[in-house]
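Shown next are two forms of a single protein chain, provided one at a time as C-alpha cells under the names structure 1 and structure 2.
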Structure 1
C-alpha cells in the first residue's frame, strides 16, 4: 500500500479557500469517462480512490491517524458538496460508512492498523453480511452459526441481499454464537475474507438488470478468532453502531447528491419549456423545500455523532425522509417527460440516457433496503416519540 506523502493545515485556510482547493483538485484529477464494462469500471473506481488516498483527499470525517482528513463538520459539508458537484465516483462496497466507525470504536489497535487504511484506499472492498432468509427486518432471528474450535470459528449458513457481494474482498458479518433463543445476546461480529475456502457467492440480478446483490453461502468456513470485533456473544451494540452510521453516512451523501440532482432537474424543466406550468412549479417548489430539509436533517445526525459519538434515532428520521423523497422525485421526472420518460437507455431517443427512468426503477428498493420504512417508523415511534413498543415485533 502506498504511503501518504503530503499534509495540509486545514486551519490555515478559510472555508472559501478550502472549497477552492478541493474543487481545483477534483477538476485536475478527474478520473475521466466512466467505463461501461463492469470489470473496467471496478478498476477505474479503485484507482481513483487510491489516488485520493495517496493525496490525502479522502475520508473527510475520518481521524487523521487512520488515513482520513479529520475535517470539522462544516468542512465535511463543503467537501461533500464539491464531491457531488464533480461527480466523484462513490467508493465500492459498503465498508467506509458502516464498518469503519465500528472498527475505530471497538477494534483493537492491530485491527485498526490492518484494515482501516486498505479500506479507505479501496485496496480492500467490503460488504455487509447481515440479512438472511427469515432474518431481514428481524435481524436478531439470524441463523448463520459460528462454532469456536481453538483459535478458529467454523461458520455455516447463508446471507442474502448482500450488496456488492460479488465484488467484495471482505465480509463484515453477524453470526450466531449463542442459542437461537438468546437473540441479540448470542450474536458475534466477525470479519471474513471472501476468498476463504467454503464460501460460495451467487449474484442476484435485480429489476435494473444489474447484479448489485448476491446470496452468500458459508460451508465450514474457518475464520481466525483474531477477526472478531468485540467480545463473543456481544455483537449487538456493534450492530447498532454500524446501522446508525450507515444511515448517518447516507444522510449527508444523499443530501449533497440530491441538491445537484434537483438542480439538474430544474435545468431540464427549463430546457423543455415547462417552467411556466403552475403544477410543475408547485412540485419543484415542494422538492426544493424537501432537499433543504434533507440537509438540515443530515446536520442533526452528524451533530449527534459529534456530541455523543453515535448517530441517534434522528438517523431513522433522515433515512425515512430521503427514501420517500427520491421515489417521488423520480416518479415526477418520468411523468413530466411523458412518453419520452419511458424510453430506456441505449436508445437515441432516451432523455439524458434514460437516467430518470433508471432512477425511478432503482429507487423502488429504497424503502426496503437498510431497514424498511416500517422499521424506521418503529424506531422513530419508540426512540423519538417515546411510544410503546410495537406489539407485533418479536421480544428482544
Structure 2
C-alpha cells in the first residue's frame, strides 16, 4: 500500500504537540484494568477499540477515508510509542495488517465501505483461514474448493490452525477455483462470514494445553460472489499484500517489551544469587547485547523509512532475529531455574506463576506460525541476497 502522508487535521501540529495530544487522549480515556474473565476481557478490548475508532484515534497507518488516522510514518512511530505506554490492548483476531491492505488495494468501493470501518472498530473479528492440513508452507497445494453457481460460490474443505477461529465473525480465506493441479494459478481470495450455514468450527487444543486456534470445516457453504476480492483464480498475488511499514513501526514495541522481560530475568538471577556464575553472566550479557540490538535494528529501520522511504536490509532480518532471541531467552530461563523451572503454572511451587515455562512453550510457535524460520531464510536468501531460486518453490 502506498504510504499515506496526508495528515489532514494534524498538519498544523508539531510532532511534540501531536505526541502530547495522543498521550492526553489515552490518559483521559485509559482502557482501565484488564478483566480476568476471558469473555469480559474480549468485551473490554472491543469496547476500547470502538471508542478509539469513534474518536478517530486508531488505525494510525490506515487512510482517513476508511476511518484511520492516515499518519505519516514518523507520526505512526510516535503513536505506537504512546499506545505502548498506555498499554492499549491489541485488537482481537488476526491479520488485520494483512487483510485490510488487501481490501484497500484490491477491493471494490462497496467492499471497502462494508468491511474496513467495522474491522477497525472491532465490530467484526477477522481470522485468517489460509492453512490446511496438507498446505502449510506449501500454501499453493490447498484443496478447499469453491464452485461457482450463479451469484454464489459453494465452498467445501477444511482449514486448520486458525488462530482465534472460535471468535471469528469473518474469515479471509484462500480457496481453489481452478483444477487441483493449477497450484497458485487457480486460487481465489474469498471473505466468508463465520455464521454462514455449513461451517463447523472445532477448537483445537494446542501445545500449551489451551485452545488458541481451531479447525474450520466448510460443507457446501454458500458465499456470495460479491465476497471475492480481486478476480477469480487470481488470488495468489494478494497473499503478500500487507501494510507497508506497519510492522516496522511496531517492532520498537517488541524491543521495549523484551527489555522489560530481560530486566525481570536479571532480577531473578540476582535474587537467586546466580550472578557470580561466570557462565550465567556470559549468557545474560549475550541476551543484553541482543535486546539492545533489537532496539537498534528497529530504530535503524524507522530511520531508513524516514530518510530513504524504504525499510532496508535490517527490516528483513529483524523477525528471525527476534524469534531466535525469544526462544533462547526462555530456554535459558527454564534451564537456569532448574527443578523450579519445570513446574507448570497451576502449582504452588511455580516460580512467578510458571511464566518462564509458559514462555518457553509459547515461543515454540514463533518459528512456525506466520511462515516458518526455514521459509523466512529462503526468502531472505532469495530476495535480499539474490541467491538462485529453489526450483521446487513457487514464485510469490
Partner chain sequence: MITGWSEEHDQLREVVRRFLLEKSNPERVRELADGGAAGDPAVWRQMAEQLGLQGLAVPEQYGGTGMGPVELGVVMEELGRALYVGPYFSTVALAAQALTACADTTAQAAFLPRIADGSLTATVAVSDTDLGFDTTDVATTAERGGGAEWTVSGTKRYVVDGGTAGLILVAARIGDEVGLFAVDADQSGVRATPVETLDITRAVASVEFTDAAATRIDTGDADAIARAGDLATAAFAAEQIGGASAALDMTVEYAKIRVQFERPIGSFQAIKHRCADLLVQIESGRSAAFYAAALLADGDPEGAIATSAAAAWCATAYAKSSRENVQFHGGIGYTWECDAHLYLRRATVSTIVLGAPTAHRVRIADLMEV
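The term rigid core refers to the most C-alpha atoms you can superpose between the two forms while keeping them within 1.5 Å. Numbering follows the first chain given and starts at 1. Keep in mind that what you see is a predicted model, and the values were worked out from it rather than measured.
One chain, two forms displayed separately, with the form predicted in complex with its partner chain being the second of them, structure 2. Taking the rigid core as fixed, one finds a CA shift for residue 283 of 2 Å or more between structure 1 and structure 2. For residue 312, the Cα coordinates differ by 2 angstroms or more between structure 1 and structure 2 after the core has been superposed. Superposed on the core, the two forms differ at residue 355: its CA moves 2 Å or more between structure 1 and structure 2.
After superposition on the rigid core, the Cα atom of residue 330 is displaced by 4.0 Å between structure 1 and structure 2.
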